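Before any questions on how it binds or moves, here is one chain, the form predicted alone, in structure tokens.
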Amino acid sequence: MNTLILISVLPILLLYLGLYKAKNALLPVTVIGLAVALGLAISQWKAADTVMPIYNGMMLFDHFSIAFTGITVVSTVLILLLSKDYFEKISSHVAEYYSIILFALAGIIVMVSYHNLTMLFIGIEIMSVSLYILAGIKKQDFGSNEAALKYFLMGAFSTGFLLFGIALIYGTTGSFDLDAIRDWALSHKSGSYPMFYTGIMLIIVGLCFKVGAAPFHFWTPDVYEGAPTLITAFMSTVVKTAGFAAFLRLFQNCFVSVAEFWTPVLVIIAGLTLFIGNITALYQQSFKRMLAFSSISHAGYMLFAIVALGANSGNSVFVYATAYSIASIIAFAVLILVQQQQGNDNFESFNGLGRKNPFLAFVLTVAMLSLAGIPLTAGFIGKFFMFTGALAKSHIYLVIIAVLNAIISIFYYFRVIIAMYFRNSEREGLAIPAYFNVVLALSALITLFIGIYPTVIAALIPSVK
């Protein structure tokens, strides 16, 4: 809880620093504040059987919550380290941008720690409202304005589905509490309860909108492309991780006993998401737009943990989300540098990067290999966990579809590697700021380390019995 309080108070301090023109202190204070918040979260790590819900059952800071709080805070720190001098080029109101990102992070902490459906809704709204603003921070840019408007309209639409679903669940069970809903579902396994099942369907629709799963994904490419690249990095990593943590927490706690009802629906959604994400990514000429479509396909892989709900689903999503987030941060960091030099984000902009900037080319290669799921990278471990879980629940056909899609993804991830190493271009070497070097080196090391020693993070979340 101390983590949430600190991350909620920190933006107010940043606004005061902005008021007194202390721009140089904004980034250090933010990073130090988040490091302290991470330390406070880790200090709450206790034996799993001693953790109880707090504030009348509204929040639960268990190992699941702390693990996902950790990866979202670390990812946010890495992204913010890339922001030095980035926001200054957009506007003079830099303090507001840092504050809004931290407010979004506060909503995310609520999303991964809720024990009551009202807190889930509040967390999603705090995060979403902040993201609507961040997507449109380039006020003079038509694409940024379009992204903000489209994200707002689609976000409001999906929130309606989610809220209606929550209302129907409450109308049937008489409670917003996760334990009470689970107990009601266990004691009413037989019989017809159309309002309850309709509520589950509407919640699936609302959450699939939030995580960008097909066929509710159509806002994702345009919003990711139109928003500033740094904000896109935040949305496609931290926000997606929080969305899946909230999704998994709800279904693992409440709806396991009625899994035969909703599992076929999620199987179809996962298959559609994989095909739509990967096949459309093949035809993209823009690297940023390719990352947007590939993020849709990764949502399909992460849905495996919910489709094959089991004792280790929490660890599977955690490992996959960690691998995906770290590799994506590398990809977006290199994209920012290339965009600044070349003025666009086409694949041709990466031609010859391997000769002029071998370090950049190397870390981007590591990221692409990880996203493609090549062995000795974190991405391979993430996919291994997902496929193992699906096979344990006999979803063999789904794993075959996933393997086919993983092969398809190799084509578009390797496209940028080929451009960097095998295509020539008359280009100048990129100047890499010190902060970028730190983030890129650290992220690449984490990607390789998890790929070689996955047990370090593979058992952080206790298995559910």
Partner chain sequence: MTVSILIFLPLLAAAALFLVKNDWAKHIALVATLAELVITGVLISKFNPNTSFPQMDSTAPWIPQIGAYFVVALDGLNIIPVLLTALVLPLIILSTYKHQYDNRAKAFYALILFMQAGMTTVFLAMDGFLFYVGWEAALIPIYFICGMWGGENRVKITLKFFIYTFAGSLFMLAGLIYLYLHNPNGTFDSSDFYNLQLSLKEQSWLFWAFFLAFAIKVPIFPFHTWQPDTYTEAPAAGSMLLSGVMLKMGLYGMVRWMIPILPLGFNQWYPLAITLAVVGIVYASIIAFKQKDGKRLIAYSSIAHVGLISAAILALNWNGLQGAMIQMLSHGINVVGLFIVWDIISRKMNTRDITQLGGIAKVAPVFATCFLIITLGAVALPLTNGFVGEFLLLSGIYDYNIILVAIAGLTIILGAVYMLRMYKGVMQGPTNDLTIQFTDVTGTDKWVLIIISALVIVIGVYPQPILHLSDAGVRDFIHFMTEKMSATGSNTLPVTK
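Positions refer to the first chain, counted from 1. Predicted model, so just to flag it, every value in this text is computed and none were measured.
The discussion below concerns the form predicted together with its partner chain, not included here.
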Review point. Exactly one of Ala156, Ile279, Ala180, Ala392 has a non-hydrogen atom within 4.5 Å of its partner chain in the predicted bound form; which residue is it?
Key: Ala392
Exercise for review: May I ask you to choose, among Leu168, Ile374, Ala185, Ile126, the residue with a heavy atom within 4.5 Å of its partner chain in the predicted bound form?
Suggested key: Ile374
Review point. Pick from 27 to 35, 435 to 443, 411 to 419, 54 to 62: which stretch has a heavy atom within 4.5 Å of its partner chain in the predicted bound form?
Key: 411 to 419
Check your understanding: With a 4.5 Å heavy atom cut-off, would you call Phe387 a contact of its partner chain in the predicted bound form?
Key -> yes
Review point. Does any heavy atom of Ile5 come within 4.5 Å of a heavy atom of its partner chain in the predicted bound form?
Key: no
Practice item. Find out whether any non-hydrogen atom of Ile407 is located within 4.5 angstroms of its partner chain in the predicted bound form, and reply yes or no. Key: yes
Point to revise | in the predicted bound form, Thr172 touching its partner chain (heavy atom, 4.5 Å) | key: no
Exercise for review: Would you confirm whether the three residues Ser99, Leu337 and Gln340 all fall within 4.5 Å of its partner chain in the predicted bound form, going by non-hydrogen atoms?
Suggested key: no
Review point. If we check its partner chain in the predicted bound form, which of the residues in 1 to 25 reach within 4.5 angstroms of it by a non-hydrogen atom?
Key: none
